[in-house]
Ligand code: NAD
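Just one chain follows, in the form predicted alone, and it is written as structure tokens.
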Amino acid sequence: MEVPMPNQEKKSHKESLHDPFTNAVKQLEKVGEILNLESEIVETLSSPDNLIKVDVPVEMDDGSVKTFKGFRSQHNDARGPYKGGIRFSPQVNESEVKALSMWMTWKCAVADIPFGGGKGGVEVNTKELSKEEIERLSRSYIRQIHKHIGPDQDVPAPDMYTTPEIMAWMVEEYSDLVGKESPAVITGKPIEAGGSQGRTEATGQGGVYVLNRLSEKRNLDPENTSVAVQGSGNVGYYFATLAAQEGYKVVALSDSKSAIYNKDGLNVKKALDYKNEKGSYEGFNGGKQINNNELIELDVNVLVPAAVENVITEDNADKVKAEYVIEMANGPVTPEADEILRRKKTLVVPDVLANSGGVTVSYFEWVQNKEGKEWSKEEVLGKLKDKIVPAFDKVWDTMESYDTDMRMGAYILAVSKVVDAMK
């Protein structure tokens, strides 16, 4: 059964408050006021250049054909080809892909890579599909959108519930459709299909480079800096692992079903191995069992929401005790919560900077594919550090010169770059 499109149902006041695209436009309008931008420019940037909506027919294993809703939002290409993930999720809808494509435009500008923002997805629960059905879905989606993407036009990548293997199927399908090998059309591929070394841990590693730079700016001693990481997907897993290796005291971890806390610090490797084996943290004896809401409200130095959007809202922002929030998920703090955290003097490192390691290494993969080269993991992660640390410093300097917070610093920097390119 197809899930009804969220935007076809009447939204309650609370739902529209958390509508991601409404939030993205609000942030842009605020920057427009600070920079005194012409209303036409703000209006142009308030909607994507192109919104592609497609039906994605898939032959199921029983021989029936089921049709899924697919999207691709291309926000702005003034600085280079559109760039952004493809997600397979029941929550995929028009508002989400439009918001995420806009945030990708800012993220690419902050990271100083020559791309604009894109985002796509299919409204589907992949847990209900076989591997063969997922492959047919992936190929069908590319058949529907292939005329809108290309190595110099729009370069997709993996996102929620899509994998390197899925990207390989998509590249294969695209290459067949255009009649030539086109590895640079999609990034996040397996190494053997032209993927980049270091891509798997890139987002988490970038976040830890950001944490290190923040520690230098604020004189934090890693051993005495407590960190709570919400989410144990790829990003949370590598952030927690690498932060622990750098000597930070990781005191809490969670997944969608369970969470653990140990004020003296968790054995991160043991905890993550346990979760991978058992499927959750329930029963892990190296820490106290808590829930995700309690994790958000822990008395820690650094809180890292690394799972989904809208986890810190006007309902719980007052209870956040962390001095620093590093947004490793996209949009985990709502604009209303942002105001509350600002008043409390909580420093939030925004997603467009904190989690830009992934798109930066995607850019490196694209360059390697275009030039027919292969870089080592050390080279890739070294180049990532050389990109993300100066980006942090530029955002910090912009924040200080405009006497604002880091999110506004990042947006002022990003929007200025995009507007300059448009002009």
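Sequential numbering from 1, following the sequence displayed. Predicted model, so just to flag it, every value in this text is computed and none were measured.
One more form of this protein, predicted in complex with nicotinamide-adenine-dinucleotide, exists but is not displayed; see below.
Can Asn330 be called a contact residue for nicotinamide-adenine-dinucleotide in the predicted complex at 4.5 Å between heavy atoms?
Output for Asn330 is yes: heavy atoms within 4.5 Å of nicotinamide-adenine-dinucleotide.
Looking at the partner-bound form in the predicted complex, is Asn355 within 4.5 Å of nicotinamide-adenine-dinucleotide by any heavy atom?
Judged by the heavy-atom cut-off of 4.5 Å, Asn355 is in contact with nicotinamide-adenine-dinucleotide in the predicted complex.
Contact between Gly233 and nicotinamide-adenine-dinucleotide in the predicted complex at 4.5 Å, heavy atoms?
Yes, Gly233 lies within 4.5 Å of nicotinamide-adenine-dinucleotide in the predicted complex.
Classify Ala306 as contacting or not contacting nicotinamide-adenine-dinucleotide in the predicted complex by the rule of any non-hydrogen atom within 4.5 angstroms, answering yes or no.
Taking the distances in the predicted complex, the answer for Ala306 is yes, it comes within 4.5 Å of nicotinamide-adenine-dinucleotide.
Name the residue from Gln197, Asn292, Ser215, Ser89 that puts a heavy atom within 4.5 Å of nicotinamide-adenine-dinucleotide in the predicted complex.
Selected residue: Asn292.
Quick one: of Asn262, Ser256, Ser175, Gln144, which gets a non-hydrogen atom within 4.5 angstroms of nicotinamide-adenine-dinucleotide in the predicted complex?
When nicotinamide-adenine-dinucleotide is considered in the predicted complex, the option within 4.5 Å is Ser256.
Taking the partner as it appears in the predicted complex, which of 146 to 154, 336 to 344, 164 to 172, 306 to 314 has residues with heavy atoms within 4.5 Å of nicotinamide-adenine-dinucleotide?
That would be 306 to 314.
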